[in-house]
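One chain comes next, on its own, written as structure tokens: the form predicted on its own.
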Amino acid sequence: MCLAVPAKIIKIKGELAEVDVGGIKKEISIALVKDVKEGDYVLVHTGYAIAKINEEEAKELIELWQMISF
């Protein structure tokens, strides 16, 4: 089973972006997702943004992750 996690884009450098995933900063590729900008939310899978999502959807997913985290 594959999972993607919501992340907020903090800084963009070409096709790479620094994102915040639950307070952890990571660098990911945004090459697969068009028209993203700083402040947007994306779903991240294996180091790649695979979809842009709206803030409301991101907050719902973050809340669900918090409920199931150990």
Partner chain sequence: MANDKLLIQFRNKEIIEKVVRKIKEESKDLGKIKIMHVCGTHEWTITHFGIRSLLPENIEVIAGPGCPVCVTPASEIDALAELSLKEDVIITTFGDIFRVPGVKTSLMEAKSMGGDIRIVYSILESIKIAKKENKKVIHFSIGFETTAPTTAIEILKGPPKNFSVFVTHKLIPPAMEFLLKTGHKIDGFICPGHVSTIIGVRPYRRIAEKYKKPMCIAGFEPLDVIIGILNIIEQIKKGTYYVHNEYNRAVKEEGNVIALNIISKVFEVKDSWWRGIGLIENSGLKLKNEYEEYDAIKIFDMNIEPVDYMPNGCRCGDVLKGIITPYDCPLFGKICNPNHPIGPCMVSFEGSCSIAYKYGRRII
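Since the model is a prediction, treat every value here as computed from it, not as a measurement. Numbering follows the first chain given and starts at 1.
Same protein, other form: the form predicted together with its partner chain, not shown, and the subject of what follows.
> Is there a non-hydrogen atom of residue 14 within 4.5 angstroms of a non-hydrogen atom of its partner chain in the predicted bound form?
Judged by the heavy-atom cut-off of 4.5 Å, residue 14 is well away from its partner chain in the predicted bound form.
> Taking heavy atoms and a 4.5 Å cut-off, does residue 53 contact its partner chain in the predicted bound form?
Yes, residue 53 is a contact residue.
> Taking any heavy atom pair closer than or equal to 4.5 Å as contact, tell me whether residue 34 reaches its partner chain in the predicted bound form.
Yes, residue 34 lies within 4.5 Å of its partner chain in the predicted bound form.
> Are any of the heavy atoms in residue 61 no more than 4.5 Å from a heavy atom of its partner chain in the predicted bound form?
Flag for residue 61 set to yes.
> Quick one: name the residues from 28-45 with any non-hydrogen atom within 4.5 angstroms of its partner chain in the predicted bound form.
29, 31, 32, 33, 34, 41, 43, 44, 45 sit within 4.5 Å of the partner.
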